[in-house]
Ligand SMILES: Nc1ncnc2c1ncn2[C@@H]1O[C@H](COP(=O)(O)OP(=O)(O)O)[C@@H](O)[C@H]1O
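A lone chain, given as C-alpha cells: the form predicted alone.
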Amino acid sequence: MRKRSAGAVWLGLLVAGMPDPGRVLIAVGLERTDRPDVLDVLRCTQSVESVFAGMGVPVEKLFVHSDDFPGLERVREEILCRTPLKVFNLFEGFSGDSGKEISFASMLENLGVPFTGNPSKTLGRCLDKESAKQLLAKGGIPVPRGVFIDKPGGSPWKGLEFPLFVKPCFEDGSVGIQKDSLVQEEAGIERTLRRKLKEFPRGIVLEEFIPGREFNVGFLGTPPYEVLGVSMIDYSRYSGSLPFLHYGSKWDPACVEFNEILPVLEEGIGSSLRESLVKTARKAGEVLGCRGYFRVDLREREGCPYVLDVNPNPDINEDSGFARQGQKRGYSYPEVVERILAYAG
C-alpha cells in the first residue's frame, strides 16, 4: 500500500464527514512509580502529542491523579473549560488500581465528550478476565478451560489437565505473570495458588495451558473492524526460554527474553489458519463490545484458535507491535494515531 504524507488521512476523513476535532486533549494517569508498564504510557503520551503537534492540531495534556477520585470534580472542570475537544484517552488507571480506567471512561460518557478507545462497559468486561471468558464462551468462542479462585483451600484444579497457568483476574499489562505462573504438575500447585492469592486477593484464574505458537491480531474501528495484522511468537525457536511472555520479558530490558523473543509479523502463518485467527479474534471483539482499537491474543491447538485475552488498550507507542502491524499494512505511525482519533465516540 502506498504511503501517504502526514495529515493526508486526516484530511480524507474530514472530507468524508468526520468532524474537525478542534483541540485534542490527551488524558493520562500520573503517579509516583518505577513500574515500566506505567512509565511506558507516559512515553506514549509524548509520541501521540508529537503526531498532532506536527499536523498543526491544537493539543494539550490532562494528567489524572489518584486523589481526583472518586468524584473527579477537578478533571470534569478541566475538560469542560477546554471544549470543544476530543479526548485521546491513554488513562489506564493506576498501578494499584487498574479499575479506575472504567470510572474515568464512564465520566467521559456522562459528559458526552468523544474519546478514543473502548467504552467503559468494554473496559470493565476485559479487566475482569473470568467474566470475559464466560462471555466469550457463551458467544461460542473457544477459551482455555479453567476456574476462578478467590480463596485458598480445596482442590480447584481437579478436572483440569496439567500444565496449568495462573494469572490475576483483575490486572492487565502482564502484571502478576511471572516465571512461576506455569505449573507443570500437581505437586506444588497448592503452594503456588496460596502465594498468588496473597499477592492478588481479589482473585486469580487457573486455566489449562495451551502450548505452541502464540498469535495476536490488531484491529481498528467498529464492527466488522479493520484488521491491522497478525503477529506470531514461535517459542520453539528460543531454546531455554519459557513458553510464554511474563512481565519481565515484556517490560524489563535486563531480561534475556525481552531482547530475544520478538514476534514475527505476517510470516509463517498458513492462509487457512490466518483466516480462522482473524475470524475468531473479530468475533471476540464484537462479543465484548470493542471499538476504536484493540488486540486479541490467541493460541492454536489442533487448528482451533483459543482466545487467551482481549486487550482494550494495547501499547500504541511508535515502536509497539500494534504500530508495526499498521506499518506492515501501509500506515505510517501518524496515520495510525489519526485513525484511532477518527473513531473516537
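Position 1 is the first residue in the sequence shown; the rest follow in order. Values in this document were obtained by computation on a predicted structure and should not be read as measured data.
Form predicted in complex with the named molecule: not shown, discussed below.
Stretch 160-168 is the contacting one of 269-277, 160-168, 94-102, 219-227, since its residues have non-hydrogen atoms within 4.5 Å of the named molecule in the predicted bound form. Of the residues 78, 190, 208, 130, just one reaches the named molecule in the predicted bound form with a heavy atom at 4.5 Å or closer; this is 208.
Listed residues 286, 31, 297, 40 were compared with the named molecule in the predicted bound form; 297 is the one with a heavy atom within 4.5 Å. Although the partner is absent here, residue 308 is a contact residue: one of its heavy atoms lies within 4.5 angstroms of the named molecule in the predicted bound form. When the named molecule is considered in the predicted bound form, residue 156 lies well away from it, no heavy atom lying within 4.5 Å.
A residue is said to contact a partner when one of its heavy atoms sits within 4.5 Å of a partner heavy atom; residue 238 fails this definition for the named molecule in the predicted bound form, lying far away. Taking the partner from elsewhere, residue 173 is found to have a heavy atom lying within 4.5 Å of the named molecule in the predicted bound form.
Residues of 241-265 that come within 4.5 Å of the named molecule in the predicted bound form, judged by any heavy atom, are 244, 245, 250 in sequence order.
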